[in-house]
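Listed next as structure tokens: two forms of one protein chain, kept apart as structure 1 and structure 2.
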Structure 1
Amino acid sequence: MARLTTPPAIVILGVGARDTARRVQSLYDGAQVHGLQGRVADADVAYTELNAHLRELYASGTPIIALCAAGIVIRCVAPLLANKGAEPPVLAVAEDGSAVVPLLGGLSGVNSMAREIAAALDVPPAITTSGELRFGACVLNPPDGYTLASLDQGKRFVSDLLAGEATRIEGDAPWLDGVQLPLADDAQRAIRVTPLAWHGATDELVIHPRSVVVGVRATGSGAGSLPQRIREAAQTHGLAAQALAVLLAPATLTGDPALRQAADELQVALRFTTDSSLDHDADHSAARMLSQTLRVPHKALDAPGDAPIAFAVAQAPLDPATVGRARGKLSVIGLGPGDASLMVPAARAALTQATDILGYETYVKMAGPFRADQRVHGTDNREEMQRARHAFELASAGRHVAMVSSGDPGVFAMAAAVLEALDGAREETQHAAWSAVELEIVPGVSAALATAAQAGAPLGHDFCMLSLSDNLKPWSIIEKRLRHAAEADLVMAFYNPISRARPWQLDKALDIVREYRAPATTVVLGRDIGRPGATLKTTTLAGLKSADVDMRTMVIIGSSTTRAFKPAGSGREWVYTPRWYE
């Protein structure tokens, strides 16, 4: 099975490809079927325009399995083709599953995917790569944990083999055992598998196992940037920068941005010690930190006892998860109003990357489906602070937590509770651990914005958002704010307008607004916008009844300038608030 860091997008244009798409989807954990809006009602992700959607997927590095003509896919992504070594796998599959054509991504496993999909559909894959056809595998696509020293040199090397040259293999390369390479013990050319640097020899193909851990005990000691100092130290030991797999540091440096920047620049995993004795020993060396933390057979390279940088070379490619622990991350995300197409890509990425998903049970279900290895923690809607604290406890243990809200997490949702929990921890023992967590707030499309977009642009001028729930603030405050907003002629969006426990409050709020607004003031009611069964209604302040509203309704009350109209020849009504003011 091809190992993909990002689940593929299976893109279809109509319902005729749906059955084949679901068969392909079963091959890859986390894969989603992307369907054209208006044609495919039950797709996991809806899109509106194929060209733009395929380009967005390609640019984000997402593997693409498009169930349509190969020519369509080629024309869509052609303007983005540049770096062969960086392109994701792209395949075209016939709607009926009768053909599987790998198009792009020969160095990222597209032919392996083609074979897997073709086997599942019981058809031969249409592989045309010369090296694959001759040798039975792509020599320039080593498995996960290995990387080429030079792609350009690799191309020349394979061309020589295709022209009749023989090769020998030096080092451990078990994935080449079944490949029909022209092998000879006395061959001048060699495939070398080594963590040592390639020095430019043209008669060898060098493949680096990502088996080297670099330990640093401080980020600011020495001249030059941290990545530069690490590269120079690796060069001193003859190590290739591409062989680096993990950057290991004391847990006390978890929040140091220089470490994150160095790991990103070196393209390695960032991990931290789990031995608390090392964290509190200011005199420990980087070499001691490595020897105490690594739990796999390795060779430590010579380094002075107090060296700030040290290296250890494992016997095989390293799984970073076996070295120390990760810096925890908490992503607070908004799902949008419910329609998957209205969830921002950053929120979807956070869900894909998360090890744990927390949230109100209803919203957690909206965020699914999830992989078998992801932990789901659904709670009652009233347990916000307990949920936030739980999220920090998980993240401070090195996990990546996605805290889900509907709409936007910063609008009457979990972002404020998360920050309140972090602020409140300043006087507690967990403060240091929680503060070290990487925290991000990912915006979403709020219910007010989604409803406004369906109606037109009622929030086109100054507006405010008010919650009519008095669970977390007294009703007297709500009344005061209603009066000020109504008197200021602001468009008002009401969240939590009514419930069984508060059946009287909407009428009371409307009584206040009617003291300042004309009976003909335009009102928009959006119920379940972005979800199945959504309804949109335009009425007036005089015509608005509390019976028209429930807890799932967004109420937008216009200003004195808000207008509703129907264009000539159209049955559709639009509502907008002009950007000018008389």
Structure 2
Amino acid sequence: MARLTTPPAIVILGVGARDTARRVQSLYDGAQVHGLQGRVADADVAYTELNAHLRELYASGTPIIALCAAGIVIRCVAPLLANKGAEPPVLAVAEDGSAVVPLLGGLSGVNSMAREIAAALDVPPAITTSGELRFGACVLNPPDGYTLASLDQGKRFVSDLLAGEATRIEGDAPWLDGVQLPLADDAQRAIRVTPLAWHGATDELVIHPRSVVVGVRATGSGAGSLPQRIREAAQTHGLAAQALAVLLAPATLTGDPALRQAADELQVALRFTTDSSLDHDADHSAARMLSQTLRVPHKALDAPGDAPIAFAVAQAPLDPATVGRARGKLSVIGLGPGDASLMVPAARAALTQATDILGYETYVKMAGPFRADQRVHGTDNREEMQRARHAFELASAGRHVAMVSSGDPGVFAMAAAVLEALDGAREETQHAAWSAVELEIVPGVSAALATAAQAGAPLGHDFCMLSLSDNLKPWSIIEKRLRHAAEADLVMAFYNPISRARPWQLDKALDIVREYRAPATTVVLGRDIGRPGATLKTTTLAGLKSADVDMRTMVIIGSSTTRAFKPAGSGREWVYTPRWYE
């Protein structure tokens, strides 16, 4: 299965294309079938309008495989073509799989995709690029791990070859084996695969393997910005900046923003040492840091022993994941009430990227399934602080941890526990490592909001959220808050309303509310909202019995203005709280 940096979108207009779409889908990791809403029931992604959808995909750089007429695809993306930016591959494939036409993205691999898809569908690809046709590969589109020094020079070079010039190949270009290039050992022209910079010679095509690691021992020393100093140092060694694959720094600098900026600007992976003996390296040698961290054959470039910047060149393009470790990340996410469509895309992305998933077992199951390479750590719900600390331990060792809660992580869930763990570790030795972790909190649709939406708009005016659990706060506080909220005529959303260990609290709470609110006050009960077997019930404060409520129920007690009505003929009831007061 092929892996593209961004998985392709396979766009279909009707069920007639479904079989071909699924065959193409099986070729690419993470590819999804996008189907026109109302016409394709079982697509992975539904869209409502082809034009807008294709433009959106194109603009976001997503490779497009459209199973429809080439003309339709061209008309849809045409308005975006004048804007010369990075162009994703765009292909049209006949619904029945009988034709594969690469349309756009010659430099981002459209022709190799066309070959892959055509091979799977057992038809010849409709390739029209002259260089491709003549040589059987796009010389200007080297595989992952290699970059062209200059696209303009590349185009000139290929047209020279098409005009009859021959070339040599210098360096290691395994992807050109078997390509029908006009090769001659004594050719004046040369394709050079090298980490060394191109100096503008017009008779060579320079391709850089991303094989260079730059070691940075400290970010503050020297004049100029860090990326500038790295570029200058690379230049001194004759290295091309495009050949840089990894910026390696000591683990002690994991949280340093200057390093992140430099890595972003230079477009290299940022990795850190794992050997703690280097953290307090007295001779401050970046070269030593490189030699102790790199696990693959490489050559160190000469640098003074105490230079803060040093380089090492590997024999082949480097997979950054094999160098030291990443800055860890902890994403504290909310899954929403249960249904996948109610999970925000940022939470879904964090789950996809995570190496480790942590949380209460029920929620972890809800968040799955996970890939074989993802580690799942399910634990009992009660050990929240322990779980938060565990998350930091994993993340500070370079893992990407997703900590899952249901609903919103900041509403009676893990986000506060995670921050408390970090805050509480301030005096501890691990604090520096924990603070260096990239921490993000991704919101979710909380149970009160999901239940309210099902019922209508009971939270349409001022409201409060209360947890009736006295596990973490004294019951007297709960009573006081209930009284004040009831007196203030706030709509109240009760989380954790009842459990086997807390059998009497809900009745007590309702007694308090009944002192302030009329028996006819509207009450909404949502159970397992967004999950299989969901139920929604409307009742009144007088009619509400604690036996109707369990720990999977959200209780919303209306204010004096909350009302329920049944639109004629609709067969259902809506509850809302108007946004005004009399």
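In this text, all values refer to a predicted model and were calculated from it rather than measured experimentally. Numbers follow structure 1, counted from its first residue as 1.
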Please identify the form predicted together with S-adenosyl-L-homocysteine (SAH): structure 1 or structure 2?
2
Split into two rigid parts between structure 1 and structure 2, does the chain put D29 together with R229?
yes
Rounded to the nearest whole degree, what rotation separates the positions of the smaller rigid part between structure 1 and structure 2?
15
